[in-house]
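Before any questions on how it binds or moves, here is one chain, the form predicted alone, in structure tokens.
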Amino acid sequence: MRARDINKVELVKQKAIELLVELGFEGFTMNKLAKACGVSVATLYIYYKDKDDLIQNIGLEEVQRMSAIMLEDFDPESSFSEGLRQQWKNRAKCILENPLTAQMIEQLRSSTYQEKIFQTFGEIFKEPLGKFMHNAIEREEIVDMPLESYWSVAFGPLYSLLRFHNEGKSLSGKPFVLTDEVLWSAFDVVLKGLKK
């Protein structure tokens, strides 16, 4: 068996993400990926068992990488407003700098790979965000609510703005570019809605 070439692995990963976003899971094949990478199909099987193994492994690697970005400089002991602001900053940076990966992860959310991939998200975020939320509730900074309600209010607006930005248009179809002013004015409204 031949050794893994790190440069080829990165090329395969990048081209796989591009093709998964462009073609979806059904249109994506190992043959198309090999052609896009300029390698033989046999070369892909050095790195991955099959198409499912490739998608699952790349998805997990990217979830872990994106999660690390989302948790940069985040302190679970910070005040609620400071911690949520850091989360918005990190998540915006992560998605703005990695739009294709963000799209691929969104596709994974509604696929047969969902359970394995998003279990990883949960494991990574459970401790730091759980502690952060516990502290904010204990300090009576926010109202106690179900996690899904909190997430929808805390991050739904951010992800909508990021989607508009990545699509380049607003709901009405007008051109849209996310600015700091728009981002942080939305954050202020979210913060007011969550604070006790």
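When you see a residue number, it is the position in the sequence shown, counting from 1. What you see is a predicted model; the values in this text were computed from it and never measured.
Separately, the form predicted together with another copy of the chain exists; it is not shown, and the next lines address it.
Proximity to another copy of the chain in the predicted bound form holds for none of K8, E61 and R65, with the criterion being a heavy atom within 4.5 Å. Contact with another copy of the chain in the predicted bound form, judged by any heavy atom within 4.5 Å, is made by just one of K49, R139, K169, K35: K169.
Proximity of N57 to another copy of the chain in the predicted bound form falls outside the 4.5 Å heavy atom cutoff. Taking non-hydrogen atoms only, H134 never approaches another copy of the chain to within 4.5 angstroms in the predicted bound form. Residue contact with another copy of the chain in the predicted bound form: K93 places no heavy atom within 4.5 Å of it. Taking the partner from elsewhere, S81 is found to have every heavy atom lying beyond 4.5 Å of another copy of the chain in the predicted bound form.
Along 92 to 114, a non-hydrogen atom within 4.5 Å of another copy of the chain in the predicted bound form is carried by Q103, E106, Q107, R109, S110, S111, T112, Y113, Q114, in order along the sequence.
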